[in-house]
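Let's start with one chain on its own, the form predicted alone, as structure tokens.
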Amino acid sequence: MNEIFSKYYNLIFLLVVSFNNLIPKKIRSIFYLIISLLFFYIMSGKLIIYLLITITSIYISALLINKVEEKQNSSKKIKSLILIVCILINLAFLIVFKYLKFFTISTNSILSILGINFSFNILKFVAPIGISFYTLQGLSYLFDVYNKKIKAEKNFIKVALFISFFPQIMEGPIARYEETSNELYKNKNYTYDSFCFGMQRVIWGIFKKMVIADRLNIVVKTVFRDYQIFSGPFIFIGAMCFTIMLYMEFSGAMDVVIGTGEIIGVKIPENFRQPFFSRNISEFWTRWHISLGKWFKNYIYFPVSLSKPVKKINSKVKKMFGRKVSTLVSSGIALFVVWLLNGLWHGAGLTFILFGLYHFILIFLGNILKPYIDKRISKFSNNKLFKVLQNFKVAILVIIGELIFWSLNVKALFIMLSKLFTEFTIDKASFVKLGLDIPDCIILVLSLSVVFIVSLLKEKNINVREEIAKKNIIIRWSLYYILIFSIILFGAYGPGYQPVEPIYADF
């Protein structure tokens, strides 16, 4: 899939760049939509029908909700019914494609435990690419129409393009309509400056993916597949490599997406903001996969915390234990729902559910202990060493979370966790089995150092790209060529290397 994706994304990218300025502005949005649907069809074939059903159902439902709103005696029940029907239609596809197998296996296991001699057939379906991304993006538009934050769009092309825009369709980010609707329909001509600036971002993303992520994939595949032969330190190395690989692959993909948008004058929301500079796990998740976090906050966390059942619980707890405890309880219930769904969104499996619950526990405990911790660490708040230690603590917690996330199954997870705390042997043979030689390690250290320096500068509000743009043409293009030749010379491809699949495309 990785080779197919790269090949056809490049083809679509070249088509857009080649013809963008030649297409009349009045029909450029139609051109983008045709290109987006063509890309989706190439990647998913006949499964494009499900994308078209999602687009059509959300477009019609939003218009119906607006029509009901415009009536003097509008019924909230009718609005809610339209919303629920549309949600059920789209969630039905998600359940069938992503979760039916998991639910069937779980049900069969329960029946077996109960001694019932019956089992359901396990049906397998191939899911359309990016189904979770385009479904959530479409539903965000519908929710905003329902909540009167925006008016339903009458132009079908605009809604269809918002949901299916080709750079975002595979791995996001999950934008809200108000964030990208105007951007998609500005229909700008790209300029020399916008092309150079966008290509900077695209090449930077390819560098992170091909030089770092694809190289680390060797270690990750080996450790997570053959976990039984490795001791604790090597399990940790594997989990650490996966965490870095995931960040480089996913943030690199976002660089390509945002860079593509920049070239044609479409501003796409950022999805990462130096997450490993976070000082606690809650802050980490406001910097990592930002668009997904915002989606859950706006459409799950707030509705659950303000729902009637939670309000009733909140009222009873408040009478018994006071306002502080009741606030913790209501936020805790909403947080639990968010992280349970977050885990399931990533995949149908117990390890994904445990991944979600792990982060729920960390964040909820952090909320409970925050007043006490803040008092004790306030005097260290400006201490640089203390900040580094906090960053290190967050990194360790994230690595353990990613170990849960990427384990083959629950049995493998508990074996790996057990080894972390019981087996401490380090031997040369295990290093050899990891699959990286000394040149690979040197390339990784140098490449990660470059990424770290760029991230550190961004954290200090220094825009590296703007600083490069200010340099004279010789320095500027020398840096561009160094980056390009780094990919060509040091990219992990050829015999012995297997590219990382677009990880989040399956989610």
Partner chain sequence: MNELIDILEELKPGINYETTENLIDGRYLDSLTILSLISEIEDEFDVEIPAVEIIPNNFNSAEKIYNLIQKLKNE
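These figures come from a predicted structure and were not determined experimentally. Positions refer to the first chain, counted from 1.
Form predicted together with the partner chain: not shown, discussed below.
Undergrad: Could you tell me which one of Tyr99, Phe156, Phe380, Phe302 places a heavy atom within 4.5 Å of the partner chain in the predicted complex?
TA: Exactly one listed residue reaches within 4.5 Å, namely Phe302.
Undergrad: Here the chain is shown alone; which of Val317, Ile373, Val85, Leu306 has a heavy atom within 4.5 Å of the partner chain in the predicted complex?
TA: Among Val317, Ile373, Val85, Leu306, a heavy atom within 4.5 Å of the partner chain in the predicted complex occurs only for Leu306.
Undergrad: So in the predicted complex, does Leu328 come within 4.5 Å of the partner chain, heavy atom to heavy atom?
TA: Close contact exists here: in the predicted complex, Leu328 approaches the partner chain to within 4.5 Å, heavy atoms only.
Undergrad: Are any of the heavy atoms in Asn391 no more than 4.5 Å from a heavy atom of the partner chain in the predicted complex?
TA: No, no contact at 4.5 Å.
Undergrad: With the partner left out of view, is Ser106 within 4.5 angstroms of the partner chain in the predicted complex by any non-hydrogen atom?
TA: It does not: once the partner chain is placed as it appears in the predicted complex, Ser106 has no heavy atom within 4.5 Å of it.
Undergrad: Against the partner chain in the predicted complex, would Arg323 count as a contact residue? Criterion: heavy atoms within 4.5 Å.
TA: So Arg323 counts as contacting the partner chain.
Undergrad: Which single stretch, out of 181-189, 345-353, 214-222, 147-155, brings residue heavy atoms within 4.5 Å of the partner chain in the predicted complex?
TA: Selected stretch: 147-155.
Undergrad: Taking the partner chain as it sits in the predicted complex, which residues of 260-280 have a non-hydrogen atom within 4.5 Å of it? Please list them.
TA: Residue within 4.5 Å: Arg273, and no other.
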